[in-house]
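First comes one chain, alone, set out as structure tokens in the form predicted alone.
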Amino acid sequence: MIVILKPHLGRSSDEFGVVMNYLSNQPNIQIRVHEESGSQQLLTELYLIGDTDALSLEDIESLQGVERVVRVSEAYRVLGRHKDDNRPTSFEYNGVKFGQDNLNVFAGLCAVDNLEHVEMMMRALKDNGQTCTRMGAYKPRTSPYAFQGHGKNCLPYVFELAGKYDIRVIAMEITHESHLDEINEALHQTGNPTGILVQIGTRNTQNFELLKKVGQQQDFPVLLKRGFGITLDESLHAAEYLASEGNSRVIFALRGMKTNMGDPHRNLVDFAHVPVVKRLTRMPVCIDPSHSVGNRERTPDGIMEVSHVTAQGVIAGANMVLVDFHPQPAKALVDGPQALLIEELPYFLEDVAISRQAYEQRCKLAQQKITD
């Protein structure tokens, strides 16, 4: 059960105390408090766990300060979109909004290779009005002999350059809980010039101990990639691990499924699940066309396959695009064949904007049909 308090009611308010006092006296009930501070208001939700069937919705809703009570009937208790629960949801981090009703593009280096390339990428992003990027410092690889990232050694110059070019959020994968401390330390040493969206990669989607540790921290929101060989339901439960530990600022990423049915693409593109995830949960949905397609080939119409699948995801309502770019893909240390060229960034962004406009027009058409 979820008890939704009226806006601006925080832990110090009298109304909060009344509600907590009432709920604390109910037998066999545990309470988890979640607060989300947006740009305009504070939202507080109480997650009730235990024998909630015995609780009266009417009695709780009659308490001063309670706006609404939602009885949870789905498996995804915290992140799920439950019965009659069509609330818009979003969170703001370091000045960037993440929600199911907007779109952010994270273009950048799959793996940081050197300072020069990082600066070239960030300069191009600023020149094209972008404030988000992806930069891989820690890279899990299939082969133990492959480049696995510069790790903490590259963090200071990546963060300093982000501050120089006004990059507000960097999506950065971690593979171990110790990386959280390394990132925090580097941010502190450089004066906190940017923000980090912690990425859990497809290989760690069911690393439950890592999920718990990342969920327990409140410094960074989380980008969770779907596991490449498990069901959507299993991956959504992985996201619930994060939220159940206290961090519900989670974005769910579709990055393609590992099966030869997707050949000749690197993975079977699964962007048809964008609206499904939005229907089942309140999480913003990200698409990763680079790891889905795995090449930069063009079709006879002159459009790259990675742009075609990006359009499919954006037109279906994606809220974030994670895409690889590199100044010199032939020299990239990770996934060079799928990286787009920096000079292709303006075209890519314009193509995404066209697709987003088409999605918004589709939404308007659907609303007209409903009201007719």
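Nothing here was measured: the structure is a model prediction, and the numbers come from that model. In this text, residue numbers run from 1 along the sequence as written.
Keep in mind the form predicted in complex with a small molecule is missing from the figure; the text below concerns it.
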{"property": "Candidate stretches 178 to 186, 202 to 210, 149 to 157, 100 to 108, one within 4.5 Å of the small molecule in the predicted complex by heavy atom", "result": "202 to 210"}
{"property": "Single option in 273, 249, 291, 81 placed near the small molecule in the predicted complex, where near means a heavy atom within 4.5 Å", "result": "291"}
{"property": "Within 4.5 Å of the small molecule in the predicted complex, all of 117, 161 and 326 (non-hydrogen atom)", "result": "no"}
{"property": "The small molecule contact at residue 173 in the predicted complex, heavy atom, 4.5 Å", "result": "yes"}
{"property": "4.5 angstroms heavy atom contact with the small molecule in the predicted complex for residue 306", "result": "no"}
{"property": "Contact label in the predicted complex: residue 255 to the small molecule, heavy atom within 4.5 Å", "result": "yes"}
{"property": "Residue contact check: residue 318 to the small molecule in the predicted complex, 4.5 Å heavy atom", "result": "no"}
